[in-house]
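What follows is one chain in structure tokens, specifically the form predicted alone.
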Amino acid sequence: MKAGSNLERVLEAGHFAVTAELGPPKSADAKVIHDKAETLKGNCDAVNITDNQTAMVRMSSIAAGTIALQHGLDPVIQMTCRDRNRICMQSDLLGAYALGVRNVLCLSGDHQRFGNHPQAKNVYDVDSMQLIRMVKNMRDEKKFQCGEAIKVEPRFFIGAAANPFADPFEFRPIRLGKKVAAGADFAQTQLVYNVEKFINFMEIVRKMGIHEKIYILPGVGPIKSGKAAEMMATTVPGLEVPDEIVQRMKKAEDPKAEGISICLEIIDRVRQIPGVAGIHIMAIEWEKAVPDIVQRAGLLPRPVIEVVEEPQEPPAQKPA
């Protein structure tokens, strides 16, 4: 199997992939990353490092991803368009690749008004579609966005986000198709609780042939409490939590156990959907739940794929 990211190798080999999420702290405490990395190690094929999630100031995704690498994890650094212009994006991508990062997830980013610095000025020099194209051109065309050549290109496995539940619903598969055309290799979706609607989304995706061009990993995640379920159902844009799930969580004697049970039920259902290549577990600030979920879902052990480096041509001999 060729070199590249572990996630790329797992997916190309046809295995059902498992990615998880690691949230950097709102501090300079590296121990938080070390502890979370040890919890996730061996339980996923790659780990997403969020980029100032919910527009809150947190440790850099690239720095946290580099720490995760020390634990043998395959980081997927998230990069948002909110905070960087195209110069900074390309600079950070070069630096991340030089440090050993091989995956990037291209995102628009939560608007700063939702975070702890609502007075901050956003950037949005490019949007997520343009960012995907820019990373692809850096990798495949060996060129910066301006057209200048790159001597040593960053060969990222390129990820995109998809939300099957945002309005208008009919546009969501089309938008995913545009991200594929821009250069995305894999997609991770918004949390899936309305499985029936996700099934409908995937039916359209298959009719369009998109599933043959990109690896799709639906988002799944445990809910901690009835209050959390109700908040997700009523206040989070683009997220659909059926009332049945809200009521189950409210009535549960052990809400955390019930939340994990619901997550396992959803994993079992989405695994059966044609075109689904894996799952993305978003146990937000509850990374300790991931090992239990993966084990009970029958997704252990994770595959280990031998890396065979492609032979390099010998350097040209200088004339005598």
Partner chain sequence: MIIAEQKTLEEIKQIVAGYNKLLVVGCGTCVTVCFAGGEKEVGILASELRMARQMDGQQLETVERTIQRQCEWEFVDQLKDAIEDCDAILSMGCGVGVQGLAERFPTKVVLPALNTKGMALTVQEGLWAERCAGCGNCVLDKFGGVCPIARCSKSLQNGPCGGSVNGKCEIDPEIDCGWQLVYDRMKAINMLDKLYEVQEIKDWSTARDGGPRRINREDLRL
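A quick note: this is a predicted structure, and the numbers were derived from the prediction, not measured. Numbering follows the first chain given and starts at 1.
Missing here is the form predicted together with the partner chain; even so, the following discussion is about that form.
**Student:** Thinking of the partner chain in the model of the complex, which stretch from 215-223, 72-80, 246-254, 161-169 has heavy atoms inside 4.5 Å of it?
**Tutor:** Flagged stretch: 161-169.
**Student:** Within 4.5 Å of the partner chain in the model of the complex, heavy atoms considered, which of Gly147, Gly238, Gly209, Pro118?
**Tutor:** It is Gly238 that has a heavy atom within 4.5 Å of the partner.
**Student:** Though the partner chain is not shown, can you say which of Leu93, Leu191, Met129, Met232 has a heavy atom within 4.5 Å of it in the model of the complex?
**Tutor:** The option sitting close enough to the partner is Met129.
**Student:** Going by a heavy atom distance of 4.5 Å, is Glu153 a contact of the partner chain in the model of the complex?
**Tutor:** No.
**Student:** With a 4.5 Å heavy atom cut-off, would you call Val195 a contact of the partner chain in the model of the complex?
**Tutor:** Taking the distances in the model of the complex, the answer for Val195 is no, it never comes within 4.5 Å of the partner chain.
**Student:** In the model of the complex, does Lys227 come within 4.5 Å of the partner chain, counting heavy atoms only?
**Tutor:** No, Lys227 stays farther than 4.5 Å from the partner chain in the model of the complex.
**Student:** State yes or no: in the model of the complex, is some non-hydrogen atom of His111 no more than 4.5 angstroms from a non-hydrogen atom of the partner chain?
**Tutor:** Yes.
**Student:** May I ask whether Arg102, Lys136 and Arg139 all come within 4.5 angstroms of the partner chain in the model of the complex, judged by heavy atoms?
**Tutor:** No: none of Arg102, Lys136 and Arg139 comes within 4.5 Å of the partner chain in the model of the complex.
**Student:** Which residues, if any, of 76-104 lie within 4.5 Å of the partner chain in the model of the complex when only heavy atoms count?
**Tutor:** The stretch touches the partner through Arg86 alone.
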